[in-house]
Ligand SMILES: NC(=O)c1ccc[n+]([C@@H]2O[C@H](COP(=O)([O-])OP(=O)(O)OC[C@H]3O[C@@H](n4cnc5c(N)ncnc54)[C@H](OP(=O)(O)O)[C@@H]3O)[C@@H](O)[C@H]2O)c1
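Let's start with one chain on its own, the form predicted on its own, as structure tokens.
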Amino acid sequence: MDQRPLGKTGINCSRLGWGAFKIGRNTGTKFPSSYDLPSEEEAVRLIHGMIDLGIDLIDTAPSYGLSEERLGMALKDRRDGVLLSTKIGEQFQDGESHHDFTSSAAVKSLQESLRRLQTDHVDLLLVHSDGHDQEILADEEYIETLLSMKEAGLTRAIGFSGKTPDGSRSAMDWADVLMIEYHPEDRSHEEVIAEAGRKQVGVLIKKALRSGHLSPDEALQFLYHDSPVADHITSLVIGSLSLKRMRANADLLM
């Protein structure tokens, strides 16, 4: 699969990434239809299948239920060549999201993620915003903690998964990567994506299909080819339990 540079990090990643939400959680979601969680064995086969498709970027988070734990089991012998992205700031417990954007919570969250993922580092660590982007980013100690975890080798790159164009723009002061919602029905971040491209900040697209509400063919045609900022997008991170569907998504790259 085609690769693109992840900003100026020195990391290259596949233009199609996989979001591992659905292997770990099926409650409190925004998807149009319900789904059963795969078994542990099914999840491992699915993870290996995604890698075999040429997808090397896998995105997870502590708030994705069993996702990190299952990735850790599946990647014990396949960690090399896989770019693991996880997050800090949000936990999902007892059916509700809980946010904590303190430095101590960030350190604890990453330590627990590394344990579940059975690795000594992740490739990308993102702040999982609750929507109060500017308030989070105003905490200099929190940002310094992110930078120190990168310096310590616990993550190769750091970034921000925000909600607002202003938040994403502010995060470019320190972030290696931005994760941005962008699709034909929400183009509010278009200028930010162009600016990130000019500054060599990597751009990962989340919710490219608006949590399953958009036609993959139409949405990906726009994102891969028709969008005026398509050249500035590093990778689309799409969640799916279907290898067939992800293979079709990869074909749309051509």
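Computed from a predicted structure; not experimentally measured. Residue indices: 1-based, along the sequence shown.
If you look for the form predicted together with the ligand, you will not find it shown, but the lines that follow are about it.
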Arg70 within 4.5 Å of the ligand in the model of the complex, heavy atoms: no
4.5 angstroms heavy atom contact with the ligand in the model of the complex for His48: no
Interface membership of Ala171, the ligand in the model of the complex, 4.5 Å heavy atom rule: no
4.5 Å heavy atom contact, Gly24 to the ligand in the model of the complex: no
In the model of the complex, segment of 192-200, 224-232, 59-67, 37-45 with a heavy atom within 4.5 Å of the ligand: 59-67
Non-hydrogen atom within 4.5 Å of the ligand in the model of the complex for each of Gly19, Met179 and Ser211: yes
Residues within stretch 205-240 having a non-hydrogen atom within 4.5 Å of the ligand in the model of the complex: Lys206, Lys207, Ala208, Leu209, Arg210, Ser211, Gly212, Pro216, Val237, Ile238, Gly239, Ser240
